[in-house]
Ligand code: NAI
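Just the one chain here, the form predicted on its own, laid out as structure tokens.
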Amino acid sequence: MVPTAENPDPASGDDTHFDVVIIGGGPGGYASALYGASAGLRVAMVEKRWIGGTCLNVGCIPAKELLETAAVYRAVAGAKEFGVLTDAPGLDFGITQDRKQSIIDNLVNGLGGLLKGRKVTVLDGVGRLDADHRTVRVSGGESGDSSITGDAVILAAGSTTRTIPGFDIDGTVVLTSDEVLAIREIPASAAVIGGGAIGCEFASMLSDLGSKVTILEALPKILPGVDSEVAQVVQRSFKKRGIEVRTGVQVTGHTPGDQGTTIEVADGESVQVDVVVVSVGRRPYVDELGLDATGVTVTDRGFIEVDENCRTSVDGVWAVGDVIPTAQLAHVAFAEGMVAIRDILGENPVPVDYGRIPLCIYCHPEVASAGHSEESAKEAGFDVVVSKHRYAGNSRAMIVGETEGLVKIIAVKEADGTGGQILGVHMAGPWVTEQLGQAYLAVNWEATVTEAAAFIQPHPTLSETFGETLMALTRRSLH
């Protein structure tokens, strides 16, 4: 970038001007900062609360740690099936929480070290974009009140939990994901309002650790957006484990009692539980960005409008992560941050293909997918052929004692009825979040069934089910 009177050369000693200023230190923000700094840009990042954002502190990382505790508890409880004789497991959830916090602290410290090592200036406070679109005013934090400028600004302020009328969050009886991740004891009973990915993860974790759980979902099925057959695998497993799933229901409020509360449902029934977990999604947090005076366009739903390169309606301002209307996933924010930086550098980046992003849900059984579902492929006009194989016949699944689930592959239908280009892969079952890699590559490289089926799957592995499902689409198979 060429220095001007308005944008002086940083080498001249001006410590308030940067190539890029980023508001927000979550996945979208810190990915932009690290990627930009590695490309030689002088970067400042403003974060008002914690480095790593929701994902690292009260989201992805702590949630998966608690789910791993549930998996260990489940394994010990079933140890006798392997001939390992032990007493019934107990649970000190305080130790679990301490372990969770230790993991978070290590990751936050490591991230701080990365940012420092790449010479990213990190300012503690609320960042607010000025009307000139280049100045960011910082206030209310340990860094003190100040103003910095940037040739480019990236808005990455993240999101916050949504609530619903009649359920004021008190942190004791009515909880959001923030409070659930901090509980020190497992409640005897819980209702999870919302059967999406986060709601199903919490329901699975609480049930495995001893809670009697009810899911209340307004839509006709849990895991909306997930392939229907995959969602059915999860729902059947939940039912088998005693999780009550009620879909197509509307909650109207709740009445606290001496212990817990009673939830009123629109059909006249009620559910009495110790705690209520409100898990109805997250909203973009643009409240403190000062966008009203900037001309940055915000939708009716509160998202910042961007083009395919994450540019906002204002020249020199980009937005990434949960503040824009794309999938609210940390790895999507990473990708958007890299697109924004490459666009700032003038490198003509390849935009994120949102139809082919990887999706992982860590409930038990796990869910993973990439690309079209059968329904969406047909809606897009494809003539498709589908292949499904269940883990029940997989030797590795039998060995680990996890035979629930399936692999489903959607491909373009060739004239002879075999599969052509792979359009989508959807899985439910053991460790499918770790098996998704090859499926994601196949979908995004637009591989054909014949090409992908030619690769050797090691034996015995869970991934053999993916290979068998591919081979079936060639009309030749082994098992």
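Note that residue numbering follows the sequence shown and begins at 1. Note that the structure is predicted; figures quoted are calculated from it, not measured.
One more form of this protein should be noted, the form predicted in complex with the ligand, which is absent from this view; the next part is about it.
Student: Tell me, out of 133, 236, 212, 282, which residue has a non-hydrogen atom within 4.5 angstroms of the ligand in the predicted complex.
Tutor: The option sitting close enough to the partner is 282.
Student: Using a 4.5 Å cut on heavy atoms, which of 199, 405, 371, 187 is close to the ligand in the predicted complex?
Tutor: Spelling it out, the residue with a heavy atom inside the cut-off is 199.
Student: Select, from the options 274 to 282, 93 to 101, 69 to 77, 381 to 389, the stretch whose residues sit within 4.5 angstroms of the ligand in the predicted complex by heavy atom distance.
Tutor: That would be 274 to 282.
Student: Decide whether residue 216 counts as a contact residue for the ligand in the predicted complex under a heavy atom distance cut-off of 4.5 Å.
Tutor: Contact check for residue 216: yes, within 4.5 Å of the ligand in the predicted complex.
Student: With a cut-off of 4.5 Å between heavy atoms, is residue 194 one of the residues that contacts the ligand in the predicted complex?
Tutor: Judged by the heavy-atom cut-off of 4.5 Å, residue 194 is in contact with the ligand in the predicted complex.
Student: Taking the ligand as it sits in the predicted complex, is residue 359 near enough to touch it, meaning that at least one heavy atom pair lies within 4.5 angstroms?
Tutor: The answer is yes: residue 359 has a heavy atom within 4.5 Å of the ligand.
Student: Looking at the partner-bound form in the predicted complex, is residue 294 within 4.5 Å of the ligand by any heavy atom?
Tutor: Looking in the predicted complex, residue contacts with the ligand do not include residue 294, since no heavy atom lies within 4.5 Å.
Student: Any chance all of 164, 224 and 328 sit within 4.5 Å of the ligand in the predicted complex, going by non-hydrogen atoms?
Tutor: Yes, the whole candidate spot contacts the ligand.
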